[in-house]
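Only one chain is shown below, in structure tokens, and it's the form predicted on its own.
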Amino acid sequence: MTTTVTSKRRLRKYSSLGSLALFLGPALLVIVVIRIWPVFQGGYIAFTRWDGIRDPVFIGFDNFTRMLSDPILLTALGNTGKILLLAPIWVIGPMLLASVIQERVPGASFFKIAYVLPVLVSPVVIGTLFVIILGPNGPLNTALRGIGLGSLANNWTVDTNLVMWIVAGMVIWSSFGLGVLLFTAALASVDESLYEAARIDGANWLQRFWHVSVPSVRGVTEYWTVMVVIMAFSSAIVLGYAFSQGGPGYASTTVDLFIYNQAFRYGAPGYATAVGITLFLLIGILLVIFLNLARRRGELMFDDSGTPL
């Protein structure tokens, strides 16, 4: 009797595993083919010299050592670094704006929609729009001349000292509304009694922001900062290409655009893959460092309940 029961249990177990494999098998196969296999294939290509047509030739670490002396790549890294330098604005700005909107200002719904709209617009359209606005005879220069500040008029799109900062500003502006939306949703879930208690204690808006809003959205702040770091390395390619094609020269070429150029314009997919893998590792290291610093800072600044010390 015991043997029969055990056999039935095993049969049901194997039947369940078979059903699971039947339902999940096709999806797992697609994931392996589309997601996992290209990772291993890319890992191999990074160690080869390949033009995308002929068979790849294994060259060891040559692609990786080439990166150390590639002046264009170093310029691209510096350009991406300029975007990262603006990360505090990218993180704190949406949080502050969401806090202002949360104060039930007139037309709050309009402001939410207005700031989110750029997120819905194609990066190509945004880049083209800024080309028109900042052109030699564009609206900005026309306005400067109209108010007697013609000396400040400039051909902004070809100014090597400013063009990368303009691209960085475009990247932030195009995704700024997404941060506002995230922080607005997070603040909407904060218990209103906390703000009422702060008002009764005589706290002004800035004090309520620091002592109530900031600790209440710590998780969203960390998540958004991670997204900002990722977007700094991966979101400038379309905007930068549409605005200035990475020029003049390489003044606005970012790392993601550099990888694209190497793979599809200069016929060096092997080198592009090596740079991409290195970039992936660099982003991972930066995120680990940030999360550790954020955790330590949180332990120093807030107690277990999230209240500032």
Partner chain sequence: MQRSIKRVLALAAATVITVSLAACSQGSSGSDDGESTGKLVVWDLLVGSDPNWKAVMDDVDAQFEEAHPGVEIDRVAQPADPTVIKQLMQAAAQSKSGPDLIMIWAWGDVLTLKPSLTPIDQYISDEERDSLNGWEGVTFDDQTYGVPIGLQGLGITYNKQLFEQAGLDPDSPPDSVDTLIDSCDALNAAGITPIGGGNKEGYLSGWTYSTLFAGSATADQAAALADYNTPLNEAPVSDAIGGVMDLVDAGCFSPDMPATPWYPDGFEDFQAGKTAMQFTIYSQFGYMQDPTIGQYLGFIPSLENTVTPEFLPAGAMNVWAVTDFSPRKKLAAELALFQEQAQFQQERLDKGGYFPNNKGVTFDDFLSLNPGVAPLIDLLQDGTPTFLPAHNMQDAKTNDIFQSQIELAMLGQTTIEDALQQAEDSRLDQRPILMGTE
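Residue numbers count along the first chain shown, from 1. No experiment lies behind these values; they were computed from the predicted model shown.
The form predicted together with its partner chain exists for this protein as well; it is not shown, and the discussion that follows is about that form.
Taking the partner from the other structure, its partner chain in the predicted complex has a heavy atom within 4.5 Å of a heavy atom of residue 264.
By the criterion of a heavy atom within 4.5 Å, residue 273 is excluded from the residues contacting its partner chain in the predicted complex. None of the heavy atoms of residue 80 is located within 4.5 Å of its partner chain in the predicted complex.
Its partner chain is not drawn, but in the predicted complex it has no heavy atom within 4.5 Å of residue 178. Against its partner chain in the predicted complex, the set 52, 157 and 250 is in full contact: each member has a heavy atom within 4.5 Å. Comment: its partner chain is not present in this chain, but in the predicted complex one of 219, 136, 88, 148 has a heavy atom within 4.5 Å of it, namely 136. Proximity to its partner chain in the predicted complex, defined as a heavy atom within 4.5 Å, holds among 131, 144, 203, 226 only for 131. Only one of 227-235, 91-99, 190-198, 158-166 places residue heavy atoms within 4.5 angstroms of its partner chain in the predicted complex, namely 158-166. Along 238-260, these residues reach a heavy atom to within 4.5 Å of its partner chain in the predicted complex: 243, 244, 245, 248, 249, 250, 260.
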